[in-house]
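Only one chain comes next, encoded as structure tokens, the form predicted on its own.
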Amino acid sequence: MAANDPNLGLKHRRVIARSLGVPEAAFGLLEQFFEPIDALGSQPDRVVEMLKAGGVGKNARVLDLGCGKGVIALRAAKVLRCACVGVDAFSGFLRTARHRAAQLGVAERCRFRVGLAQDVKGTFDAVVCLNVFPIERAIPLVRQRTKIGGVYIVDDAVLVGKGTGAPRAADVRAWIGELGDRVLRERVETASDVRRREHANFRAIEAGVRQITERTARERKLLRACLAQKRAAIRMLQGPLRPACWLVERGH
């Protein structure tokens, strides 16, 4: 389904826009807005290294929930020679993922399908779910789809200074332990980590927006709103909130 497909449910549109940090009204412009960047906020090399550290290798089955353009799945299939399934609610990104899988010669090891994370059935050797859900929702959803003894990777923003309204890294570790799972790795980004990555992404998107000239006044307004929302998110993640990521081994 294309971005402007009238059959795409409002629920799907809302989920997609929220996960990408843009106004829902700009849904029809998503492909153009994010065209300049591939990873959409994730760090594929680091995630693949974490998967490797968790024992993922040849013949392992990996599920990437909210896979976007499939960059993590493509990199994992290429480097680790594992079989990857990428699921995303936005078909526009999946068209890019399938095209690049063919270019990279990993189409036989990568399958991409449209859907919501909560609708995926079965279990996998490893599950990745990044930039999709708050941690309290991500952990139960992801571990349910991870084989016992397998690994999963989740992320969220955590408090590193004074404040309320978000968990601290210690809270997340405690929740994971209470489930009987074990944190293998934890990474909380510094303000400079966020600034270096997100500012580069923002500049690329901003340059892309400037090149989109054939737009109505309403579309130009929506694109500016998208940029403003992304700019605000970057500022927030350099303050008391920071992105954090966990590699977890699932227990019984």
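Residue numbers run from 1 along the displayed sequence. The model shown is predicted, which means the values in this text are computed figures rather than measured ones.
Note that the form predicted together with a small molecule isn't included here; everything after this is about it.
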Note: the small molecule not shown here; in the model of the complex, the stretch from 176 to 184, 115 to 123, 74 to 82, 102 to 110 having heavy atoms within 4.5 Å of it is 115 to 123
Non-hydrogen atom contact Leu20 with the small molecule in the model of the complex at 4.5 angstroms:
yes
Taking heavy atoms and a 4.5 Å cut-off, does Leu40 contact the small molecule in the model of the complex?
yes
Using 4.5 Å between non-hydrogen atoms, is Ala89 touching the small molecule in the model of the complex?
yes
Any chance Leu241 has a heavy atom within 4.5 Å of the small molecule in the model of the complex?
no
Three-residue site Ile16, Cys67 and Phe133 fully in contact with the small molecule in the model of the complex at 4.5 Å by heavy atom:
yes
